[in-house]
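A lone chain, given as structure tokens: the form predicted alone.
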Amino acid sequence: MIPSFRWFGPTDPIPLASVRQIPGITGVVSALYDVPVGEPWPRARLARLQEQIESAGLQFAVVESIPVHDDIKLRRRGRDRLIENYSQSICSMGELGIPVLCYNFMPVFDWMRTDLAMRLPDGSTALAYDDAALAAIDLSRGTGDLPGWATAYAGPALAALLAAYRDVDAERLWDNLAYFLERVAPVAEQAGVRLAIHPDDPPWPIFGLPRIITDAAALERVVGLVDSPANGVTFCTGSLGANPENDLPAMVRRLGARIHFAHCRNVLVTGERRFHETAHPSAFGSVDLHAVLSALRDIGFTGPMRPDHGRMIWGETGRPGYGLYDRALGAMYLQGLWEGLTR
């Protein structure tokens, strides 16, 4: 297992020197966040980012992520050019020896929360989701005020994009994912890059948009679309754990070597399609991380693992979910569990 930590590049207020001071952390998860979606990543810029990470004594373990353009998800004209651009970025990763690419196939929106600072009983704050609160969000104003989403769409542009998805049901989205993977997975295999699709977060439809990477059957279907060792998944315990029907340890054992990356965090499910994030230890949430890591040990997992979102604690401010302190505590908890399971 490669203990890893997400870093948002040179503009991240958390310096790489602080990341390195977390005992055991050797891997960094990062990306080129300002490249327009659909454009190929400049190899020279990716190399400079890798050089920054390596000069701090760390390894560039995962690109998270290269966004998939909505025109690919919508099967629009021009998708082949966009897929070719995506393949060029994968080739650049391979040339630089960056081994894992985490990506997602969620329409329009990435991960979504309805509260970025829910106050917990201990005084910390955490990300939270409530389906009823989501239903009250007015999309006519665009995405500027939406928590959990970094790409800004003005109201008319968002309305046009949502209208384009009205004819895209779950099966059509599956077809479009298959088309994408049939073209990029062989490129990734040749380049030595492992693709790791991230589950939808939360794992159910939002705003009437289909979401398909939600449970065991979906993850097994993904790896079956292209039978290549390069075609795999990111196993995110928080995303999948928001649905109590998901048996996470069983899913790990069934997916086996197709798990290329692990996001390990905890959520507390408090109602139907309602949850909030918590401290990482199993005692605080609905996810039994001891059982999940036991399953990862049993399948011989050797890939990167990172604490995912954390609470904001000890007065820290900054990007919600991505403070230093609670994620550092999470990293130590995960390493302690792993040591206890593997020694």
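Predicted model only: the values in this text are computed from it and were never measured. Numbering starts at 1 and runs along the sequence shown.
Same protein, other form: the form predicted in complex with D-mannose, not shown, and the subject of what follows.
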**Request:** Could you work out which of 212, 128, 82, 102 is the residue within 4.5 angstroms of D-mannose in the predicted complex, going by heavy atoms?
**Result:** 102
**Message:** Just checking whether residue 165 would be counted as a contact of D-mannose in the predicted complex - the rule being heavy atoms within 4.5 angstroms.
**Reply:** no
**Asked** So, in the predicted complex, is residue 306 in contact with D-mannose at a 4.5 angstroms heavy atom limit?
**Response** yes
**Message:** Using a 4.5 angstroms cut-off on non-hydrogen atoms, would residue 260 count as touching D-mannose in the predicted complex?
**Reply:** no
**Asked** Hey, in the predicted complex, is residue 65 touching D-mannose, heavy atoms inside 4.5 Å?
**Response** yes
**Request:** Please determine, with the chain shown alone, which of 154-162, 172-180, 106-114, 88-96 has non-hydrogen atoms within 4.5 Å of D-mannose in the predicted complex.
**Result:** 106-114
